[in-house]
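Consider the single chain below, provided in structure tokens and representing the form predicted on its own.
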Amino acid sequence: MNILILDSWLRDYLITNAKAQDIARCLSLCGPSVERINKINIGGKVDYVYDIEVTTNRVDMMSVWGIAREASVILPEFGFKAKLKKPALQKYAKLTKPLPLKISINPALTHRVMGIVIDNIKNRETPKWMKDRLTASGFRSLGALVDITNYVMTEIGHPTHVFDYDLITTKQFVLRESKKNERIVSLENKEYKLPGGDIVIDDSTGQIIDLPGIIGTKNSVVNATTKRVLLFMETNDPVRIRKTSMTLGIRTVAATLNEKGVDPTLSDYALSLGVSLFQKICHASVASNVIDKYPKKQKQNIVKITHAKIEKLIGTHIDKKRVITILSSLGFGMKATKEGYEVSTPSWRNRDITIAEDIVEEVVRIFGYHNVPCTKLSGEIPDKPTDMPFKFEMAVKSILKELGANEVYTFSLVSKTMTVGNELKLSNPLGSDHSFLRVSLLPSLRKAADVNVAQESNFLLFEVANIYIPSKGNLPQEKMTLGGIFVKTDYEKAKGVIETLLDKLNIPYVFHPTDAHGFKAGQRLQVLTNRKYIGFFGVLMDNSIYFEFDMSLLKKFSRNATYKPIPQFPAHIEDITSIVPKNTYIGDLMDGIKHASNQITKIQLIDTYNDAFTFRIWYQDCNKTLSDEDVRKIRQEVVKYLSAKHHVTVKE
């Protein structure tokens, strides 16, 4: 997952003398990968936006504060000063007349919930500084009430939500498990049917008022007349969040964070920041006591590891004090033991640090992979595997690339307009463009060709990938397939590429004409080997030429190259021009000529003019030099065959 963070925003929590470029470089060497930094101008001031890739196990870094915490540990390793500034925590006086609010949870579904009512909202204009920061982070401004929640989520890393307090007449919020086929209408006015087992919030009457952790619902969303809101944040079972999000196809930023397991202790900071922003921007006031439901506080993981194991896995010596310093700076609790260490994880790393190897990884990334000394490989070179899984696939790709083809990778899912009728439809597609499993590579390759046709005069694209053949009552059959499409290419050249591919794979073949939907009549050939179908190629209606082969059959019939001695006696070569009737398949005719005598070793079509075809024929015998009389007899057999079988007239 990539996040966008402003440099000036990061420095709210990171006090350092490092420049933006230094921060990007150092982070990339030891932590999250900064793919690029973009220079922008905000209000006449130069700023930088970090585009950071964070791996899915590090949800703790998917925020401004999270990146600042990581940078505060990494930058000193490179000689920069760096200090982390913690977010503020508010203290709330107990109100004597709070607005009513009741929250109920099921500990099996929800780990923690915090909520507080904010009253007297007067201003809904998002200040420019907040808009600038949200825009730079990829959010669209939707008004102060929603922008504050997105701001809190981006800064602290905990998804936050607001309800219109007055729309919830019961003032009760019950987090429960949904029943199958219950329905919600999202704040985007789209109706969803729940599969059941999802975490929902109802108002104690059975009416669902939120799909927590994923998306808000229309019946509780804030609007232009909202006067009071419930600022709400919860930590739910990430597995259920993931399942519901994927099943319904709702992929929000909140769902992406929640399904990875947000640290429940962040709720305190998120609530404090949210309340302070409502007070500052909306001139609002707190109107209820804080409700905090946290029945099962998470326990720290305790991981035991020896110092010898750390050195063994890193491959070099590292001082014990250095290990303790690194882990302590990352927030780990350290307890020295006789053999090594007893390490307790900080709350924000509780989900991804569970074994000794995780601890070693933390040590070495801060120590610096670039500081681990290099050692030359020693020992014997292992035997090369005789049958690598992708060896044949790579061989096919190499042949095609040598013939000038370009490899592409396309989606296995296609749109409705790209189907031919029997494709399987996904029950929960991510979008209409990717809702069907393809049964051929043709739609994908044709789309790729259309994209590139303006760039090149003629080209060949190919792909080796799975297609999915429907299987009644079972999962579809995955079939590895080779497909290719020639664009603005002569038919003879395209056919030559197909023949060369088969020749290089040592696959004997014959072509058999057959028509099929989508191809021009009489211009599609099946490819047979040992009388078995292995693929086809032909001219499409738009004059591009398409071929497709079953990879398992290509591999089955491919043979290793064998040695054949060079003939000791010269060949007698002559050209024969024939008048061929219309609708004669030249391939069949050439095969017939070659089989007319075992002393015909080779035949080529070298010229055509109207109905006249000129063939070059090699006459050769492995035991002697053929005389003119020998060749004359063979030629007579050829002429006899052509006349009788194909009604061909040979020009003298």
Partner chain sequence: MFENLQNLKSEAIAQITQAESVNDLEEIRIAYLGRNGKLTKLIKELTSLEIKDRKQTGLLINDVKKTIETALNTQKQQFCDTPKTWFDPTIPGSKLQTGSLHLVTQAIEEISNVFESIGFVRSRYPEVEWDWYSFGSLNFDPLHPARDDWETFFIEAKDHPKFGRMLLTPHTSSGQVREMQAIKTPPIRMINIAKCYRRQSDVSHVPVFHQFEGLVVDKDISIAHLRGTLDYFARSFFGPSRKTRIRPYNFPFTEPSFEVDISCDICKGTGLIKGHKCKLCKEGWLEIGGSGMVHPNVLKAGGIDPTVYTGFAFGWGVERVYMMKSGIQIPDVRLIYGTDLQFLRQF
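Numbering follows the first chain given and starts at 1. Keep in mind that what you see is a predicted model, and the values were worked out from it rather than measured.
The protein also exists as the form predicted in complex with its partner chain; that form is not presented, and the subsequent description refers to it.
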| said: Residue-level contact is defined here as any heavy atom of the residue lying within 4.5 Å of its partner chain in the model of the complex; does E407 satisfy this criterion? | reply: yes
| field | Any non-hydrogen atom of N598 within 4.5 angstroms of its partner chain in the model of the complex | value | no
| said: Is C30 part of the interface with its partner chain in the model of the complex - any heavy atom within 4.5 Å? | reply: yes
| Taking heavy atoms only, is I579 within 4.5 angstroms of its partner chain in the model of the complex? | no
| task | Work out which of the listed stretches, 208-216, 106-114, 152-160, 426-434, brings a heavy atom within 4.5 angstroms of its partner chain in the model of the complex. | result | 426-434
| note | Interface check vs its partner chain in the model of the complex: of A612, I586, I37, I42, the one with a heavy atom inside 4.5 Å is I37
| Which of these residues, P295, P570, P385, P100, gets a heavy atom within 4.5 Å of its partner chain in the model of the complex? | P385
| remark: Contacts from 248-286 to its partner chain in the model of the complex (any heavy atom within 4.5 Å), listed N to C, are none
